[in-house]
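Below sits a lone chain in structure tokens, taken as the form predicted on its own.
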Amino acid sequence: MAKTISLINMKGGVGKSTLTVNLAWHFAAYSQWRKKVLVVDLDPQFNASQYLLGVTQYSSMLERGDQTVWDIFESNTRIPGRNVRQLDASTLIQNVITLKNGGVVDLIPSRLELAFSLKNPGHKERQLSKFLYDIKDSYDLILIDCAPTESILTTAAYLSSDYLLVPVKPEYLSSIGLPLLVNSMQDFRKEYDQHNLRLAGVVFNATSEYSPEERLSKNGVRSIASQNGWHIFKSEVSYSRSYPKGAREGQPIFRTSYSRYSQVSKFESFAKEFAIRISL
């Protein structure tokens, strides 16, 4: 069955969506992996969905009425004036690419209406884990791109996951979301003590070697990690303009036009360390 990892931080703007998409592409496309990867976009802002599908294809998907992750959460909800549709994996799971080497990147997209589920959260937190359990045998790796909030979506991600991966930007206030994450995980473990949720580690993302600010920020993060027994990855994902350019082109860092080999190599090093950490 697939390993399921949620990328999460209670602070926004740390690069979760970009990291999620690039990890998915890496493990599907590189010949030593050739994995079947499913990306679950669990953020109402749907950045990962637009990155993987492109704006035009994403809009066409909504116009066709294809299902999204919102339909998973609302599959048992009775709403006046709206017919409850049975979940259909053929329209819910979007194929992004099927590679000749056997690797696959699929997507369960998000949409803005997912935010409505936060207003009426009652008894929906297990819907995602139930759906993913039924399709886990079809994949090697499931990556969940989480919203930067504590909500039913967070609990749903925890219940669906084997591991958490925490991207952090080494900048002022970089650690602001980490104490919230500590409390969130503690509360979850008290409520769901039979679920074995592990933290794969913290990765410094979009690093630029700007000292002393980065050094001070990293030290603050390391202090919190040490207090909680969290692993910090030795490999870092450095800042590059090729990442936002790749999002515009709909390509990972290693396929983005004119991306530097040094940047690609740094991402490869992190991906390898990450794979070892989760025993992929």
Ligand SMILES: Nc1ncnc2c1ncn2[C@@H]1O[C@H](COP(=O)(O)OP(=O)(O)OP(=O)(O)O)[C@@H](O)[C@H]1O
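These numbers were taken from a predicted model, which means no experiment stands behind them. Don't overthink the numbering: it's just position in the shown sequence, from 1.
Beyond the structure shown, there is the form predicted in complex with the ligand, which is absent from this document and is the topic of what follows.
Although the partner is absent from the chain shown here, none of Tyr30, Thr98 and Gly102 has a heavy atom within 4.5 Å of the ligand in the model of the complex. Listed residues Val37, Leu52, Leu42, Val237 were compared with the ligand in the model of the complex; Val237 is the one with a heavy atom within 4.5 Å. Between the ligand and the residues Thr154, Asn205, Ser160, Ser117, the one pair within 4.5 Å by heavy atoms in the model of the complex involves Asn205. In the model of the complex, no heavy atom of Leu23 sits within 4.5 Å of the ligand. When contacts are judged by a 4.5 Å heavy atom cut-off, Lys136 does not count as touching the ligand in the model of the complex. In the model of the complex, the ligand sits within 4.5 Å of a heavy atom belonging to Asn47. Within 4.5 Å of any heavy atom of the ligand in the model of the complex lies no heavy atom of Gly201. Checking 226 to 234, 208 to 216, 239 to 247, 55 to 63 against the ligand in the model of the complex, the stretch whose residues place heavy atoms within 4.5 Å of it is 239 to 247. Residues of 255 to 272 are not found to place any heavy atom within 4.5 Å of the ligand in the model of the complex.
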